[in-house]
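Let's start with one chain on its own, the form predicted on its own, as structure tokens.
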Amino acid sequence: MAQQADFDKLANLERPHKSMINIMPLQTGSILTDAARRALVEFGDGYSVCDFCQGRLTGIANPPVNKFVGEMLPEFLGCDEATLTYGARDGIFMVFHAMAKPGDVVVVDANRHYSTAVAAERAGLEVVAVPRSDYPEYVVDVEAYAAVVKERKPALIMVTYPDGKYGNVPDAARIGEIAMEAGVPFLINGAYAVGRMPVKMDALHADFLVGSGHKSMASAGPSGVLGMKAKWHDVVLRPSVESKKKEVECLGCTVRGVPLATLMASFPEVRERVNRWDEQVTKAQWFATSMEELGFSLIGEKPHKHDLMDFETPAFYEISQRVRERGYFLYKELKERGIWGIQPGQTKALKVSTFAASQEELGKVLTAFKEIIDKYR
């Protein structure tokens, strides 16, 4: 039976890394803007964005959800129409379920996120993966899409742009060309792209583009966006027979309350920050080079084109085999130095993101890594 102390903990929830340098890939693109933090409080009461709803979420004028979804998002995404989702995986499932029937094939990249396979399984689809290169780069063979598509005749083609493991950025525009030549709809999973880097669906010859508000658009989660060509509106956003104002694939309404309010409040800043993406890439490449100078190895394509990176760190793993804390020593050492984002117990390989940290802060991370190695040498 729960004790009073347990209830007290629930009433005093706190996170342990305030003011720390954050290099966690799941968080660096979702750190709220000041405007979003104000919206967090203003719209914290349940479905507060629905105060003036007339039956359709995307039609709400106060706050201006209608303009955000109807005008701002399509321009930002380079699509004809957009809608809201609970996240990238929900957008992917909506497209899978609406565009294909059980037993159909969907061609994906070998670096796809696990949720892509789960979405396909839920929709009753067969997943066929386009191959990638071997260790250490794991680059998807974009040209191989053509042969796989010709052989399997899929209902959909999809690519993860970039993938969430290595941060590899495949040539999505080339895949789009292959899709157009084959006459197959093309879906891009831009969970780590939309809101971080410039992404225009039309320039990539895509039919659909999904983004993640809580991974890359400075929003509280869960939240996401889905852009599409106008010709797919009646398929993916078909209205319910029961309730004419509700879309079937959205189950009527999707993201509301704080996730939506923070997504909109952060949007002006997100819209501007993607124009500085070249600075993010330069910073990431500098960090990768510095990490390799410490004896670590970047896994993924080189030169790297994204802030998300995966490093083999044998020096930390070797230390973990002979210290009392085992793999937890690194988490402890970094926390003491004001650095957050390395999972407790992780030493053999580290997945990091340089997106939210300045070059000066990343310099402190590099110094910390060197100090820790020297301490246990």
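Given the structure is predicted, the values throughout are model-derived calculations rather than measurements. One-based numbering along the sequence shown.
As for the form predicted in complex with a further copy of the same chain, it is not shown, yet the points below apply to it.
a further copy of the same chain is absent from this chain, but in the predicted complex, do K18, F93 and V248 each have a non-hydrogen atom within 4.5 Å of it?
So, yes: the whole triplet contacts a further copy of the same chain.
My question is simply whether P136 lines the interface with a further copy of the same chain in the predicted complex - judged by any non-hydrogen atom within 4.5 Å.
Flag for P136 set to no.
Quick check on G327: any heavy atom within 4.5 Å of a further copy of the same chain in the predicted complex?
Because no heavy atom of G327 falls inside 4.5 Å of a further copy of the same chain in the predicted complex, the answer is no.
Considering non-hydrogen atoms and a 4.5 Å limit, does a further copy of the same chain approach P64 in the predicted complex?
Residue-level check for P64: yes, a contact with a further copy of the same chain.
At 4.5 Å between heavy atoms, is R256 in contact with a further copy of the same chain in the predicted complex?
Yes, contact at 4.5 Å.
To test your reading of this chain, name the stretch in 168 to 176, 216 to 224, 279 to 287, 181 to 189 whose heavy atoms come within 4.5 Å of a further copy of the same chain in the predicted complex.
So the stretch in question is 216 to 224.
Pick from P198, G78, P268, P131: which residue has any heavy atom within 4.5 angstroms of a further copy of the same chain in the predicted complex?
Selected residue: P268.
Pick from L125, V108, A261, V210: which residue has any heavy atom within 4.5 angstroms of a further copy of the same chain in the predicted complex?
None of the others qualify; the residue that does is A261.
Any residue of 71 to 87 with a heavy atom within 4.5 Å of a further copy of the same chain in the predicted complex counts; write them all down in order.
The stretch touches the partner through E71, M72, E75, Y86, G87.
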